[in-house]
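This document starts with one chain, in the form predicted alone, laid out as structure tokens.
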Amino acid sequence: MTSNQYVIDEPDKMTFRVNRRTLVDEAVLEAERRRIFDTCWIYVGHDSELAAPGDFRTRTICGRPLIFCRGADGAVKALLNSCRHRAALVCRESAGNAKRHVCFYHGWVYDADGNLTIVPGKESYPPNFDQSKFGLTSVPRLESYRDFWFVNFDKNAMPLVDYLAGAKEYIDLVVDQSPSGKMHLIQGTQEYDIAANWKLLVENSFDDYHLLSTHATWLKYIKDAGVEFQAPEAGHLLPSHGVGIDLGNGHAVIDNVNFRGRPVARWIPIYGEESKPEIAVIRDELVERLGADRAARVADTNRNLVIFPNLVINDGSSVTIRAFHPLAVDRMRVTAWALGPTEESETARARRLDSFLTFYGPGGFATPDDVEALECVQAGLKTWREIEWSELSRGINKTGEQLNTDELHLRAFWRQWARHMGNDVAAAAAQ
């Protein structure tokens, strides 16, 4: 590996360091917007959010306002939310169903597919004004995998299925929880800001090294509730075995043997004795449909998946999708949703939501801890001129398997980051 001014990557010297300037410099962030967010596949939404023709969600993706919608023909679309007349937002609602969108500024009307249908005072436009050419503009690329939809602002980008590389296996493990292969985004959205650089949440999302120290309160809670822990194996920090895996293209995962329960389908005392029969039925269905080995893979392991650059799918105490975008060099906006099998019962859904909120929710055990940790890191980064480098070499001395408490998966992200950014970040920011 070669090194540049921002990442020192020298495996032969067992050295991997990241320059802390990457987390505080506005020029770096501007370069990231151009070289990463404008060229990579970025998550925009889940198919289940658009149940019927005319359904829409407005999102801000890579700084652009979008209408993520299902057209009258049933096809999913991602339209730039900008009137072709004078650029006003055409749709100002966060979600709904509409046969048309009316720009409140001058009254131009677009149908559910984005076609311009009404122009008030059209007779005053010159003869060369062609209304059919002024529909809402689609994003350059929109593709999906297993109902997860992504946009790309680079029309020449590789296909999504190739970009996802080894991450597809882990998306499949999520979707395999549903008998029909259809997962459903549970109604409700969590949105919150973190006063920290967006890349710190990438690191935190699949960093199990911090679990014992940062989340000690949660571990005590589940232990007091009757969840039994085994003593860690020699050389391990956590009660169960887990690994970190580089999945290619900057994606990576921590993949752990479960010790904390899963709504699909690993009972723990927190769920209550009355839930045992239903969880057993869920597991029996998994075994019958997937076979014993695949069912165990789905039910008995936890996975925190990072899809480069800014999507996290946590499949642990529940399933949560988290997307986050930088608002400033030291602030990000996080949007999170709970995901579950379309067919699950009301009681199974209630367990799922309780698990989701208890651990992953912004008022739960884990997320406030993580937010506090990241904001503490950002505060500590004010010393970046005096303390220039952060150390990410944990596990680099090993051959073969890397643990979830090592940092192989963090290095996978940073290596891809460095590939995109190149050596001259200042020049990239000017592009």
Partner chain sequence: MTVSRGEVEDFLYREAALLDEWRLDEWLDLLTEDAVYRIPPNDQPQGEIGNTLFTIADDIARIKARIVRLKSRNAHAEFPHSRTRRMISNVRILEQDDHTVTLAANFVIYRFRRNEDIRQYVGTYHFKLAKAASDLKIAERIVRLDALELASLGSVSFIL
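Quick caveat: nothing in here was measured; it's all calculated off a predicted structure. Numbering follows the first chain given and starts at 1.
Omitted from view is the form predicted together with the partner chain, to which the following refers.
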| item | value |
| --- | --- |
| Partner contact for Val371 in the predicted bound form: the partner chain, 4.5 angstroms, heavy atom | yes |
| Contact test in the predicted bound form: Trp337 vs the partner chain, heavy atoms, 4.5 Å | yes |
| Close approach of Phe37 to the partner chain in the predicted bound form, 4.5 Å, heavy atom | no |
| The partner chain contact in the predicted bound form: Asp354, any heavy atom under 4.5 Å | yes |
| Every residue of Gly248, Trp389 and His420 near the partner chain in the predicted bound form, heavy atom within 4.5 Å | no |
| Answer option from Lys220, Arg100, Lys182, Arg294, heavy atom within 4.5 Å of the partner chain in the predicted bound form | Lys220 |
| In the predicted bound form, the one of Asn115, Ser138, Thr342, Thr189 near the partner chain [non-hydrogen atom within 4.5 angstroms] | Thr189 |
| One stretch from 209-217, 238-246, 271-279, 141-149 that, in the predicted bound form, holds residues within 4.5 Å of the partner chain by heavy atom | 209-217 |
